[in-house]
Ligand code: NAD
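Next comes just one chain, in structure tokens: the form predicted on its own.
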Amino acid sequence: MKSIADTTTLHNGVGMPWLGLGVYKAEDGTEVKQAIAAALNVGYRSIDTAAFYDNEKGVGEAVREAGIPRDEIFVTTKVWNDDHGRAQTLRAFERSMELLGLEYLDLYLIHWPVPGQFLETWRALEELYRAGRVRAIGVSNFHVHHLQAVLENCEVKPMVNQVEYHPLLTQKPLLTYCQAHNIQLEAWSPLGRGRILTDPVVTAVAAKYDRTPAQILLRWDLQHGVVTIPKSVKAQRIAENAQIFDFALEQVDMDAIDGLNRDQRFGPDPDNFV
């Protein structure tokens, strides 16, 4: 993890960038396109969107207009809760692809584990994967017991699990489980919606390395083997967040940040989100 171009290798051999741009709440059109252009300009090669974000059209336009070969940009989107089930998921995928205007997708995720439905939805993702429409498939917001249900019933196991992950919610049992089953953990809300940036432990570590608190938290993700996708629409912040590959945190500082865990969520609990 010494360059923004570095990737982790998913269990099917696909390379996924360690750092990506999240575009949750970025408005479709100019705002999301400018954010992606700024990210691509400083070396990002991964963009994470979702049907729920309502900005897939702008994401696709930004990717197509970037002047960068398509196979160098890793694009993720997700199926929303209202579209679970085989037929509805396949239709939702086609809608997303039409909006994105792309011939294939790099990663398709189940956004939330809707009870009683996500296994059928997973089978639809397996169909898309076998058909070559998607290079990798995975899940989002899945606890260990959700993953266990998928692994007991799947033909293709998930390659990624994207979850809320930050120093106040380290989810060590989940990280350990994913690592044991070769499922790449990916962090959304890696900065805890900004609420961890002023924590005295984080600011002290930031001062030690002459880095911003955000850079410290994102580097902490990487050193735990977790892909990270901070969201921003500000070019300066996007560039700043990418400057995390030329230093490393000492173990004492990793441990200090680990010690902040409170099992505190800022988003919904995957067992109680509907």
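Residue numbers here begin at 1 and follow the sequence given. All values reported here derive from a predicted model rather than from experimental measurement.
This next part talks about the form predicted in complex with nicotinamide-adenine-dinucleotide, which is not shown.
Figure note: of the listed segments 189 to 197, 84 to 92, 118 to 126, 67 to 75, the one touching nicotinamide-adenine-dinucleotide in the predicted bound form, with heavy atoms no more than 4.5 Å away, is 189 to 197.
Proximity of I229 to nicotinamide-adenine-dinucleotide in the predicted bound form: non-hydrogen atoms within 4.5 Å are present.
Interface membership of D48, defined by any non-hydrogen atom within 4.5 Å of nicotinamide-adenine-dinucleotide in the predicted bound form, is confirmed. Proximity of F245 to nicotinamide-adenine-dinucleotide in the predicted bound form: non-hydrogen atoms within 4.5 Å are absent; the residue sits far from the partner. Not displayed here, nicotinamide-adenine-dinucleotide is kept clear of Q184 by more than 4.5 Å at the level of heavy atoms in the predicted bound form. Within 4.5 Å of nicotinamide-adenine-dinucleotide in the predicted bound form, a heavy atom is found for every one of V23, N141 and E240. This chain is displayed alone, yet in the predicted bound form one of A38, V63, L222, A214 has a heavy atom within 4.5 Å of nicotinamide-adenine-dinucleotide; that residue is A214. In the predicted bound form, H111, W112 are the residues of 106 to 131 with at least one heavy atom within 4.5 Å of nicotinamide-adenine-dinucleotide, listed from first to last.
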